[in-house]
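There is one chain below, alone, in structure tokens, taken in the form predicted alone.
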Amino acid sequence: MSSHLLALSVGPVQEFIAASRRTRDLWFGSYLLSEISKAVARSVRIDGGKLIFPSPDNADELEPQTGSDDDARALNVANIIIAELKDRDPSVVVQNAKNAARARWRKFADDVFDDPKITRAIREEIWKDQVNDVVEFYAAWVPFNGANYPLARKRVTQLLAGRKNCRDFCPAKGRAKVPKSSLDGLRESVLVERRDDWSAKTKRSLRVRDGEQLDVVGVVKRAAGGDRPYPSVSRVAADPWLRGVKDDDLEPFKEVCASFGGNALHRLDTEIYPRYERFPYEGTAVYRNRYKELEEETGVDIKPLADALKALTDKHKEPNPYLSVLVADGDRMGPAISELKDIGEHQAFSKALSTFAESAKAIVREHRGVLVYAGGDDVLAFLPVDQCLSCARKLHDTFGELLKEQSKETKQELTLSVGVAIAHFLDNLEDLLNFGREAEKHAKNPQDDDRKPDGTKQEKRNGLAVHLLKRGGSPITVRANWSDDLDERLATMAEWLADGKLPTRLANELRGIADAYERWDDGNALENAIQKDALRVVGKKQPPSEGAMGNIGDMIRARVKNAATLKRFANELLVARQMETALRQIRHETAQGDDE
């Protein structure tokens, strides 16, 4: 029997990952897809296939995981699997892999369905209609005799893409007058209409709002794996403020949170999330504007919590509601993979990416963040605002170091572009993800007015973009290649602002000058005039303490050439102001320009 190159794809990515209201939906959907993909890879390996992507060191790495995103040893498997088959019938291997994918999904779904506190909330007939029609599975294979691996790999991936475009359309099983899922509207809700007799445990497991509907995928993402809480975006946003609250003030508030016994406030497992040990509860507890929803979801009286929070915020002000969404993606990965000459090189490439994914988990954890996904060259994480830049730099440098050999072999500069979106935790979760993805696209592709200090265009890829999305204002965006040290500049400006060495309104005045010069033609006269006007404003400002205005003046002389460059410089100051807010909350101070 001849040999083949096999490519497999598992889905649906949209339903598992993108359709989410709570961070637990998002994290568990990502984990679920990885576990199903892992089951497929394991099945192929058991059937004698040589795994190329992923390329685990041993079979243990493909065993089912228990659901800890912080386990650095846990292998995240992307939804594409490539393998070599020798003397095996591809159709048999593919059918076994398909069965493994469905069996892994059904294990999650059946565990939820068999849970008594969930069963009472489910319409069984609709559940059974949907549960076997969730996993998407596609396969393609080509003959492969060991020669010309790049051509065989290209051919099999083309065939797989073609197969995915020819989707399977099963007969519709829709039901009249049944509401659709609130997450994506694709399927009917499996939840019963009457909810007033749900137990507290049922409410706590499903955490549905009034009127919220979930299909079979939504219920599994919300309830599978037990009640282990996942840190919310509000917990991440509140982290700088919580670090700034003194222990003596925080302890009484924690006692009130503990008195709810988990019925209203989930308690994080501090063995899994040790960085949140000082306050191991949902961030909802410290934002009073979340209390109404908390009452609706749990049905408990939260007045004791409200009273305790008032005592705390009377002394420490309100926590800032902004957090960072970090999205990172490798550059030139497609061309690099095309240059891999044989299976051995591709396996080494896969191992390097797996090592990076493991490192990414540790890096995000060190920066007090919450990892949603790290697989291959992709990273998605939520981070406190004060930690996002140093985390982005560490990820970038680690990626470059771990793939250094592959860069040489493929003659492609393998770098990491990172997008960071700073936004309000009350923004829709889907919007938060889109903000992060837009920043990541910007990091890869500079806009026309993104320029280097000498006025030339910035290079594509290998970039950092930071987008600030304040409620009620236009987005503020900054972008640079990593060599321009944008991260270091923003961090330094934030420190100067927090130390009182820069007036907070300087950015607004510089933007005003930029607007006044916007229609002027380029030229030496323009550069001279706009620099003098900007320096005049800087010279008039008197910072509250020993200032850094001389440093700002030097930056203006070096970086400002026209209205566009002055506007970008002012935008950097505005982004730094948001970071200053986080720094001041850690120091138990109120930010000068904090407006929320």
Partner chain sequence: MTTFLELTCRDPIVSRDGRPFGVGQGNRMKSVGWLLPSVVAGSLRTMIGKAAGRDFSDATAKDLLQMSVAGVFPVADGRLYYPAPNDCVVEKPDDGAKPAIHQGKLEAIRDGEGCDLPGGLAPVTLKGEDFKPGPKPDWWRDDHYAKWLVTDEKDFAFDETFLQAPCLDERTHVSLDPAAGAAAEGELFTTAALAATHLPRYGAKPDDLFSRRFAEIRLTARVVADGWCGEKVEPLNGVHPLGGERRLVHWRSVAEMASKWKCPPAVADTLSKKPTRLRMVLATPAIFCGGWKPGWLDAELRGTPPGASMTLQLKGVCIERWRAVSGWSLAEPRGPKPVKRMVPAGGVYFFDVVAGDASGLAERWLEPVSDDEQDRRNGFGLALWGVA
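Numbering follows the first chain given and starts at 1. Being a predicted model, the structure only gives us computed values, none of them experimental.
If you look for the form predicted together with its partner chain, you will not find it shown, but the lines that follow are about it.
The stretch in contact with its partner chain in the predicted bound form, judged by heavy atoms within 4.5 Å, is 147-155, chosen from 474-482, 235-243, 147-155, 303-311. The shortest heavy atom separation between Ala352 and its partner chain in the predicted bound form exceeds 4.5 Å. Although the partner is absent here, Lys117 is not a contact residue: none of its heavy atoms lies within 4.5 angstroms of its partner chain in the predicted bound form. When its partner chain is considered in the predicted bound form, Ser205 lies well away from it, no heavy atom lying within 4.5 Å. Within 4.5 Å of any heavy atom of its partner chain in the predicted bound form lies no heavy atom of Asp450. Among Lys341, Lys457, Lys408, Lys292, the residue placing a heavy atom within 4.5 Å of its partner chain in the predicted bound form is Lys292. The partner is absent here, but in the predicted bound form a heavy atom of Tyr138, alone among Phe356, Phe260, Tyr138, Tyr230, sits within 4.5 Å of its partner chain. The three marked residues, His4, Ser181 and Asp210, each reach its partner chain in the predicted bound form, with a heavy atom inside 4.5 Å.
Although its partner chain is not shown here, in the predicted bound form the stretch 167-198 places heavy atoms of Arg167, Asp168, Phe169, Cys170, Pro171, Ala172, Gly174, Arg175, Ala176, Lys177, Val178, Pro179, Lys180, Ser181, Ser182, Leu183, Asp184, Gly185, Leu186, Arg187, Glu188 within 4.5 Å of it, in sequence order.
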